[in-house]
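Single chain ahead, written as structure tokens, the form predicted alone.
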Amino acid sequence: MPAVCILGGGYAGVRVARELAARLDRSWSITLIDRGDCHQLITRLPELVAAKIEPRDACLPFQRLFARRIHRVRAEVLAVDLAARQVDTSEGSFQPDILVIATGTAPDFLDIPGAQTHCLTVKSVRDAVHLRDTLADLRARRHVTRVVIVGAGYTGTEVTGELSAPEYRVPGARALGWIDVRIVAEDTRLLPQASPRVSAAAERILVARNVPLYLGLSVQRVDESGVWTESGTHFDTDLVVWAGQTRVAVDVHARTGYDIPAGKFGVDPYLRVEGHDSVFACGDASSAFDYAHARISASSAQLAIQEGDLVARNIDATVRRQALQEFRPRILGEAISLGGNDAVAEVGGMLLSGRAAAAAKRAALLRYLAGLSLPLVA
């Protein structure tokens, strides 16, 4: 029986699996391999860090998402041989006719001394829960908890927004201590992948909250005392959060036998891994090129879903020996939540802020859940 194997159950991988189940006839088997048992809503992790939602609100069990014909394997990917299309996992080996890599990314600490040892990350629900609990413990024992966020992208900015929001910072009934949070990033502006208007608006909100933004600074090392930059600046910290550089998940990258110089798989216009016509990559694992704007596409949930949709259509076209379609990303808008009622969004060329922007972000979540035929969240 011919087979398709999908690595990763994120936004892109889920889309590929569901679309293939609807498109391919039943002579094809479809297998999805993921280390967990649920689809994680990564865009909700900052809310989870701030204890605004529960872990279950950021997890969608795979059994609710997939038809029976999709075979799910809970396993760690140990090695990938692209030429042979062989995947070795903790639960055995697979050699499909068509392979889809949608593993997402893992933190890339850039060999910075101490970074991997002393930094917490926000790449999964487990990471977010650990960060949430660590912050609660520190706040219960300290009058002021000093936090440095390394990275000025979407995750770093939204986590900073949640931790600097008045309702989180002001001590409550349990007399939790104050949070002193700041961003240190090599990027020269906040949200470098966002539009300049969204970036500037988000920066104004954080500056109004007296959140220090140290942009254009490269981290040189991290130790028990805090963060050191290449300029010699030292930040005393109680907690460092790595929200900076990422690359294809290490357990996949380490033994692929394929050079990934930019941290992601290079793909052709049809989202096939360069040099491997039966291997596709999508979501954060790929460097999909936006030919309309002559740039690498940003990493975002909306584009991961679009890429997953295209990969499924191109696999179907491959099977039917039809022409493949090129990737043409459609930016429907973007919305950044910064805690409380503060948010920034750009929709249809209009810049929104406050409750309107927060509503735009929530609407995007509700549309996604509705597309999965799931109940809307509270």
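Bear in mind that the values here come from a model prediction, so they are computed numbers and not experimental data. When you see a residue number, it is the position in the sequence shown, counting from 1.
The discussion below concerns the form predicted together with a small molecule, not included here.
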{"query": "Heavy atom of Glu91 within 4.5 Å of the small molecule in the predicted complex", "finding": "no"}
{"query": "Partner proximity in the predicted complex: Ala75 to the small molecule, non-hydrogen atom cutoff 4.5 Å", "finding": "yes"}
{"query": "4.5 angstroms heavy atom contact with the small molecule in the predicted complex for Ala58", "finding": "no"}
{"query": "Distance check, Lys52 to the small molecule in the predicted complex, heavy atom within 4.5 Å", "finding": "no"}
{"query": "Listed range touching the small molecule, judged in the predicted complex by heavy atoms within 4.5 Å, from 217-225, 160-168, 97-105, 201-209", "finding": "97-105"}
{"query": "Sole residue of Ala343, Leu45, Ala312, Ile30 within 4.5 Å of the small molecule in the predicted complex, by heavy atom", "finding": "Leu45"}
{"query": "Non-hydrogen atom within 4.5 angstroms of the small molecule in the predicted complex for each of Asp34, Ala301 and Lys361", "finding": "yes"}
